[in-house]
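A lone chain, given as structure tokens: the form predicted alone.
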């Protein structure tokens, strides 16, 4: 009796795991099934599942797309004073790491915080634009929680909800969403005047449906005030949490939206790039997580009228939840998104 070869792969937490090809195939089937059951989307085709299996079962250290099928890399968080100051970091990502779009950001990464230091950020952005060739965006999060007490002026809905004060919690979220949309628009106008090529509303929906409402409202306002500005809307998770539960955008209820539904609202609001995000299960294998991610996002990529740049970073898009994600897992996730989803960028 021949023992089936065991192949190195990863768990969702980045730790090393060995599986046989048959076990990987079973995990892919289970990941597809999990996505279909939750989001009511079509499964991957047999050919797509087989190709994903080939990607995952390869013993190569690094997996890559074919020549001629490369996609745009719009990388957030590229100017964070981690190596050589913010401008130096941007140059490193442009000239050494091959980023096609870079992003200047403040370490707080919240539009509420950035508003208070906007003049300094505008100067930093102008300096960066004089040194770089690739487009430079400015990025931050809507970060709705910053507007609730004790950090902000509004009642904390996370404290009100457990007490059963539902109406008050909903009203607080609506008020916070208005404030957040104003701050996002204020910052976007400021950096646009300073020469930004675009604005990145990163991790939209992180605090639930009111957080996404703020992002959509701001996007529509920015598109009206800065018609030529690029607007990238990156999501926080595969499904919008209903922290409010009754909020709508153009007649669509925001709570419970999946990527193929999210992208339509983002495009209607005026976004030029959409970044779907699917959180990984750290206890499941890389093949399982990738299969679930691809299944959830395939309708999004097929139906989108704007470019889709898949979020493939720490803990999303099949990439393990690790501070320094292993390159074998990252490269397989990126290749699978390009080969199977036909994404416009990563």
Partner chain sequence: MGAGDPLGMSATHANAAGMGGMRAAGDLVARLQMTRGMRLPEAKRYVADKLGVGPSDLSDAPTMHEVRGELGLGRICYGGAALYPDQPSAMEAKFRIAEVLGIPVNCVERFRTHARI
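Bear in mind that the values here come from a model prediction, so they are computed numbers and not experimental data. Positions refer to the first chain, counted from 1.
In what follows, reference is made to the form predicted in complex with its partner chain, a form of this protein that is not presented.
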Quiz item: Is residue 99 close enough to its partner chain in the predicted complex to count, meaning some heavy atom within 4.5 Å?
Solution: yes
Quiz prompt | in the predicted complex, residue 291 touching its partner chain (heavy atom, 4.5 Å) | solution = no
Self-check item: Any non-hydrogen atom of residue 305 within 4.5 angstroms of its partner chain in the predicted complex
Solution: yes
Quiz item: Does at least one non-hydrogen atom of residue 248 fall within 4.5 angstroms of its partner chain in the predicted complex?
Solution: no
Quiz item: Among the candidate residues 121, 221, 175, 94, which is the single one with a non-hydrogen atom no more than 4.5 Å from its partner chain in the predicted complex?
Solution: 94
Practice problem: Please pick, from 149, 126, 182, 115, the one residue with any non-hydrogen atom lying within 4.5 angstroms of its partner chain in the predicted complex. | Solution: 126
Quiz prompt | Heavy atom contact within 4.5 Å of its partner chain in the predicted complex, the stretch among 283-291, 23-31, 42-50, 57-65 | solution = 57-65
Quiz item: Counting only heavy atoms, which residues in 191-213 are within 4.5 Å of its partner chain in the predicted complex?
Solution: 192, 193, 194, 195, 196, 197, 198
